[in-house]
Ligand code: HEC
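A single chain, nothing else alongside it, follows as structure tokens in the form predicted alone.
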């Protein structure tokens, strides 16, 4: 029978405030459950067998209250709620290390998943790290590289020299040339949008502009969104940013820039998703237009959203965003809503110290799904139901650290089905559905590759 945590006698061990979770585990749990959760005096924590419930809430309850009938004392008087929450995350990490997500069966380059068989068509190999991808109406593709260049790939696969005159970037950490998005009416208006880190290495933040490309020259640049210089910071993390369009509006994301306290504040651009008219004007019906000094804000409480996509045939905007250590999120983005960061999260700090005990609070939108442990979400697209009939419009979500693409089927009550459809092919930087209905993926290796998922009949 499963005994969750420890035995009587552990209560004499006093935890330090915000102690590292590994040390908490070694102090309070390893004698019974092993240093890697493999079991010992107590049962295994990594075999997926839970006698007293398998949800986070069940685990928190057992750690807090103990199991007196099983000889296990509770830790509610020894550990803080935040520390108990961190222990739950740590045990999930141990379980994932013991049983990591499995790649789909592969034979001679053919991948067999639950509902779809496909192969990978490699379109481009690049010595540099590509970041964003979009599609021109004549069949060409436009690609950004994190170090600054923006390039057009011809239909035959030739990658042209860098477009001259694109904005100068502040290349720092995760910052650089980020997303690119071709306007839906580009064939008529020629507009191409870029998101990039602007400023200096000491003070920068994400900016969005649009321009036109003629004779491989960037021309007619217009600023869509530029935050006041007072919001620029020196951190090299959490710039966002993805760009999508809907009904004459442009939506884009900016991460919290490592200043998590501002993600809740509607007078700061940090940790927000924005909506503007596609020429940069403020829509009169934006949710904070009368309350905020930044009326472009559409939603708040985000950590680092690096995927945005509209569900085909609907007005539903979806996003994935990086959590800290655990707590990556899949969210349906609604106007004016608060998505919690950092007040609410399923994750903890990278150093193993807790952030909060709260995974849900009134007035905060719960994620549709969360990945704990983290997969480092990046890139997301909806599968075209005609091209991939087995996936029927499912979400394909990428992971950088985990090097996976995971398929999620969304039903009326949330995620109904999940599976890893690709693994260990590289860090997944971007996923886009092309106008031809195919899924295109940027994979980071030493450089990067652009591939296409091709259904096999």
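Numbering follows the first chain given and starts at 1. Just so we're clear, the structure is a prediction, and the values are computed from it rather than from any experiment.
If you look for the form predicted together with ligand HEC, you will not find it shown, but the lines that follow are about it.
The chain is drawn here without ligand HEC; in the predicted complex, the stretch among 387 to 395, 425 to 433, 408 to 416, 29 to 37 whose residues come within 4.5 Å of it by any heavy atom is 29 to 37.
With the partner removed from view, the residue among 309, 204, 79, 383 that has a non-hydrogen atom within 4.5 Å of ligand HEC in the predicted complex turns out to be 79.
Think of it this way: in the predicted complex, ligand HEC has a heavy atom of just one of 153, 120, 91, 213 within 4.5 Å, and the residue is 91.
Contact check for 252, 276 and 294: none of the three has a heavy atom within 4.5 Å of ligand HEC in the predicted complex. Residue contact with ligand HEC in the predicted complex: residue 62 places a heavy atom within 4.5 Å of it. Using a 4.5 Å cutoff between non-hydrogen atoms, residue 403 does not count as a contact of ligand HEC in the predicted complex. Contact annotation for residue 87: at least one heavy atom lies within 4.5 Å of ligand HEC in the predicted complex. The shortest heavy atom separation between residue 72 and ligand HEC in the predicted complex is within 4.5 Å.
In the predicted complex, ligand HEC lies within 4.5 angstroms of at least one heavy atom of each of the following residues of 28 to 51: 28, 29, 31, 32, 33, 41, 42, 43, 45, 49, 50, 51, in sequence order.
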